[in-house]
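Presented below, as structure tokens, is a lone chain in the form predicted on its own.
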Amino acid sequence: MNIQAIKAIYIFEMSRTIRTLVQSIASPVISTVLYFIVFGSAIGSRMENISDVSYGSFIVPGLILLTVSLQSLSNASFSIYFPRFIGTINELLSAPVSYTEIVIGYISAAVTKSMIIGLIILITASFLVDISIQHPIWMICILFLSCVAFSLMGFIVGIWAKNFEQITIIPDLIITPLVFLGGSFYSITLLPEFWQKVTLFNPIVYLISGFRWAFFGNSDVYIGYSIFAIITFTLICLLIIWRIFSTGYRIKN
């Protein structure tokens, strides 16, 4: 394992984040805080508790995952697409660096950025609403796995995309609606029975449910199913990336 190569890719990507600190960190945090103010304070004060949890606190896990998933996907997709766009990917592919090391370098940077954003949002939310984390270790683990899974998906999108517009298609038209319909602002138990069953086909439900369980000890879906869904999603993304590099899809041809 070429640790020096991984470190070089990681430092390069993190330095780009530092240069665009407002856009990379401050902007998503401020946007999420506005959600807390509107939904948590203004609207939440007029709503009943959900599973003995105030509405303002209830939406915290969903809003964190909403931001983290979009940021993980966007960071990873842009990181691999931009070298392809300007042609520097050829220099990286010709260097003595394996595909595994390339993926680890880019994904590690994307995960680090998303984890920082997620933790900043959590700390900020604690000043706005009452938050108690019953399973802090599981909370960190699920947050980390979610960042890894969406970063891997973003890496795939960055290779698949032919232009900057296609990079935004997946997060804007697929991930965002799935997160909103996955119980980020409500419990799926509030839905009619038919729509509860339909919602279970949304993979994001399992991520939000598992993350919410780590906070409050209750969830819409059994925690074991949530962990299984996250790991399965991650493995599928890894398999697709392996296939991309083995065939050279949009990298070598």
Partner chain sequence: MKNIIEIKNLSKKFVDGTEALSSVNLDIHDGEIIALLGPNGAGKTTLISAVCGITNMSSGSVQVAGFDVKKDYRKTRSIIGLVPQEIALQPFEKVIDVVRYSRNLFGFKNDDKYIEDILKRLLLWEKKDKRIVELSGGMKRRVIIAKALSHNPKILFLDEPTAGVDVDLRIDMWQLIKEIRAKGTTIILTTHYIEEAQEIADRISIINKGKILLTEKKTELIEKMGQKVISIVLSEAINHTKYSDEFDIINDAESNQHIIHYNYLKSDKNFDRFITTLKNDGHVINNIETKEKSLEEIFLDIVSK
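Positions refer to the first chain, counted from 1. The shown structure was predicted, so the numbers you read here are calculated from the model rather than taken from an experiment.
Another form, the form predicted in complex with its partner chain, is not on view; read the next lines as being about it.
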- Note on the structure: Among I159, L93, I170, I116, just one has a heavy atom within 4.5 Å of its partner chain in the model of the complex, namely L93
- Message: Using a 4.5 Å heavy atom cut-off, which residue among S132, S98, T124, Q166 comes into contact with its partner chain in the model of the complex?
- Response: S98
- Task: Considering its partner chain in the model of the complex, find the one stretch among 81-89, 108-116, 149-157, 172-180 with heavy atoms no farther than 4.5 Å from it.
- Result: 81-89
- Using the partner position in the model of the complex, report whether T232 sits within 4.5 Å of its partner chain, counting heavy atoms only. no
- Item | Touches its partner chain in the model of the complex: W242 (any heavy atom, 4.5 Å) | no
